[in-house]
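One chain comes next, on its own, written as structure tokens: the form predicted alone.
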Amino acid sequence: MILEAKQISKSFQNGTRKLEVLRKLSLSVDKGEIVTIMGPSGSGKSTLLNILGTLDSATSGTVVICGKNIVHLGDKSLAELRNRHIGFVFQFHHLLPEFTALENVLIPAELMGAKDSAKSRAKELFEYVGLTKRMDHFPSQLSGGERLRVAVLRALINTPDIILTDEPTGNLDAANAERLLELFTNICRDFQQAMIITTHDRHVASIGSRTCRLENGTLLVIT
């Protein structure tokens, strides 16, 4: 098991009012599995993904990633775990405009002190997604679909155990969205990496080996 979340609750205080976003939610993800989570805007999908990715903390409950309970980790250990075991792909690619596509992909490896050794893997990944000729281009010189594929490669460069992706097709046209979904399916098959995808789109959700719905702060398994 790559990730196991148990009894996750998250609430926010708004003056005297308590807003409960997540209520005793549990989820487990195995190696090579795609779990898709559906829900409308404001249902708590991004909040859940941030908690699972150690970017935010739950009000209560536990999250275990690759055998490590993140509740017991300090900031430095969390950052190391995040960079080594988790890849992130979000709706907005967040590529640094002053760096080339290749340099953007290598940033997580550089944070681990492994930039030089990761270059050959980066070039293999660019070939894998058909972007070899675009490695030296800057983000402004790439199409929206190309930028998002580069963001996927950045998530893959440290060979994480799980990839978290939040509404990844939201800014893409139908053709590029379909290409991205095919890429996600191939990644999980070829690299045996687990993936959690949040979406409001039923078609996107359909690629999951398990599809869940986030409703009233709880997770309901659909298929």
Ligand SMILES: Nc1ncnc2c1ncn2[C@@H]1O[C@H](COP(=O)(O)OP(=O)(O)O)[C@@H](O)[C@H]1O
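Numbering starts at 1 and follows the sequence shown. Since the structure is predicted, the reported quantities are computational estimates derived from the model, not experimental observations.
Keep in mind that the form predicted in complex with the named molecule is not shown, yet the notes after this line are about it.
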query: Residue 14 within 4.5 Å of the named molecule in the predicted complex, heavy atoms; finding: yes
query: The named molecule contact in the predicted complex: residue 54, any heavy atom under 4.5 Å; finding: no
query: Any non-hydrogen atom of residue 44 within 4.5 angstroms of the named molecule in the predicted complex; finding: yes
query: Close approach of residue 170 to the named molecule in the predicted complex, 4.5 Å, heavy atom; finding: no
query: In the predicted complex, segment of 33-41, 186-194, 151-159, 171-179 with a heavy atom within 4.5 Å of the named molecule; finding: 33-41
query: Heavy atom within 4.5 Å of the named molecule in the predicted complex - qualifying residues of 139-162; finding: none
